[in-house]
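Just one chain follows, in the form predicted alone, and it is written as structure tokens.
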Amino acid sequence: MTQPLSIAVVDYEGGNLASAARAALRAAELSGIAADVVITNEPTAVLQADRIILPGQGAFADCARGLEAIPGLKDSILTATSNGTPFLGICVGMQLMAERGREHGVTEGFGWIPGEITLMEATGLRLPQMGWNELELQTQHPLTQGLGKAPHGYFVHSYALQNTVPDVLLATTDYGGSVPAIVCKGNVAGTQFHVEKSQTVGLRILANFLTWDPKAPV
């Protein structure tokens, strides 16, 4: 009998845990995937998971400190991803994938994605960007398959990834200029918008994540 897919939603007091877990379970159900979703701050559970989801809301520095405060938790994420476990960061969880954040000082990130998190330049527009915005797909990728025409995501953020490279951009959005919306490098990916609040688009991205094989040709 095939074992259910194990999904670890990382708990570091970063917010949106229950809604992210529910969305992942719903995406699995809609796709006919047997899955066990657990909200956890246990390094062993993260190391043993088939998929890792890192939600996040609030300030980059606070979220980074939250990860560091739980012994072994950040290291378990780094070890698991270096061993090939697929990872999805959501909102600040995606921002932590960058080299550093410049919110409330300079804070180091995971360093997986080139660039840094800085205050958005959105002249004439309010910050935070809050609400629905269209995703502009930059390339074909398994994570963005089946999103339909003019997909939208639900955004809530004032800081965004800057000075990155085109190769990691799966999608952008326009808010006073081009803003990275989905990034991916190897087996790690992230969405600046909240997939768990993005209805059918978010559920499709999550479903794609659950079946994603980063080693397969794109």
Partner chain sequence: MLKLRVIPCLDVKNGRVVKGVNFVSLRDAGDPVEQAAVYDAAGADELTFLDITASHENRDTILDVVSKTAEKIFLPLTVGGGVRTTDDMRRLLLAGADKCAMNSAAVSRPELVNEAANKFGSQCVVVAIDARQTAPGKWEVFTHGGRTPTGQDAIDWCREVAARGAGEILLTSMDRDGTGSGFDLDLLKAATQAVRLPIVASGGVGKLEHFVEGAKAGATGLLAASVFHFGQFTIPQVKAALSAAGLPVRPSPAPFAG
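Residue numbers count along the first chain shown, from 1. Note that this is a predicted model, so its numbers are computed, not measured.
Beyond the structure shown, there is the form predicted together with the partner chain, which is absent from this document and is the topic of what follows.
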Name the stretch: of 65-73, 173-181, 44-52, 159-167, exactly one has residues whose heavy atoms fall within 4.5 Å of the partner chain in the model of the complex.
173-181
Examine residue 58 and determine whether its closest non-hydrogen atom to the partner chain in the model of the complex is within 4.5 angstroms.
yes
Please determine whether residue 125 contacts the partner chain in the model of the complex, using a 4.5 Å cut-off between heavy atoms.
yes
Is the gap between residue 111 and the partner chain in the model of the complex 4.5 Å or less for some heavy atom pair?
no
Might residue 26 be said to contact the partner chain in the model of the complex, defining contact as any heavy atom within 4.5 Å?
yes
At 4.5 Å by heavy atoms, is each residue in 121, 196 and 199 next to the partner chain in the model of the complex?
yes
In sequence order, which positions of 138-169 have a non-hydrogen atom within 4.5 Å of the partner chain in the model of the complex?
150, 152, 154, 156
